[in-house]
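Read the single chain below, which is given as structure tokens and is the form predicted alone.
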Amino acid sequence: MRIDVVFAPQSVAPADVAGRTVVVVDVLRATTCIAVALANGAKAVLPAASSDEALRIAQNLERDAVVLAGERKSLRIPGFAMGNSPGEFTAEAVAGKTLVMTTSNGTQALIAAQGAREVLAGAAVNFGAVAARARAALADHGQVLVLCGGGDGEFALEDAFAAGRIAKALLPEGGLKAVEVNDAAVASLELARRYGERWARALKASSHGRELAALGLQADLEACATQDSHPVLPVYADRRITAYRAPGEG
């Protein structure tokens, strides 16, 4: 069995994800918003690489059924209905809607994971659901990669911590002696050891967390640090992220 962590989507190639279950984490804030939106009844989330691509995708959908969401430099893109704050994705705003989303890092990571065996969007808010699915995948086919959104191609503490939490949840009996890991996974596990279950402390310690606080977005930090508040399992396939439903569910 093997667990790898990659700290930014710019560092992953198609061959790295092929045949694997990939968990994409962008805790501040894209994968958090995706989980919140789907838990609140959004039909699907369509990630776009740029604002121009998001506009093109939206133009091909029914106007009343689509919502544009996205940010650049942590702020809502002008002309878009929503930004990247979890509190925006209420049931009143998203239920029954298809969201077209573009963000600085998270949607880039999701797009980079295309071609994987399975792609999951993970965050604190749906940690338990994602960890359980990834644990089953590791037992089934022995390959899980956690791909961090990072920050403009660089290491992001909050995502590496989330990756470490996921990696820790996946470790079989026997710990690191029973599984192969790369150095990034070892470093992420160390972050998980340092911060434990204190999501808020890790998020607030990160440079992006400090940036959001300076912008007056402390409520976003609190929402993003609340474990299992929205226990949905977002699965990305065919350029669409939808909530997983077991066979027989409505």
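This is a predicted model, so every value here is computed, not measured. Residues carry their position along the shown sequence, with the first being 1.
What comes next is about the form predicted together with a small molecule, which is not displayed.
> Going by heavy atoms within 4.5 Å, which of 59-67, 185-193, 199-207, 27-35 lines up against the small molecule in the predicted bound form?
Replying inline: Result of the contact check: 27-35.
> Quick one: is Gly106 in contact with the small molecule in the predicted bound form, heavy atoms, 4.5 Å cut-off?
Replying inline: Answer yes; at least one heavy atom of Gly106 falls within 4.5 Å of the small molecule in the predicted bound form.
>> How about Ala54 - does it come within 4.5 Å of the small molecule in the predicted bound form, if we only consider non-hydrogen atoms?
In response: Flag for Ala54 set to no.
>> When the contact criterion is heavy atoms within 4.5 Å, does Thr98 count as touching the small molecule in the predicted bound form?
In response: Contact with the small molecule, no.
>> So, Gln114 and the small molecule: in the predicted bound form, are they within 4.5 Å at any heavy atom pair?
In response: Judged by the heavy-atom cut-off of 4.5 Å, Gln114 is well away from the small molecule in the predicted bound form.
> Quick check: do Ser74, Asn84 and Leu212 each get a heavy atom within 4.5 Å of the small molecule in the predicted bound form?
Replying inline: Looking in the predicted bound form, the three residues Ser74, Asn84 and Leu212 all sit within 4.5 Å of the small molecule (heavy atoms).
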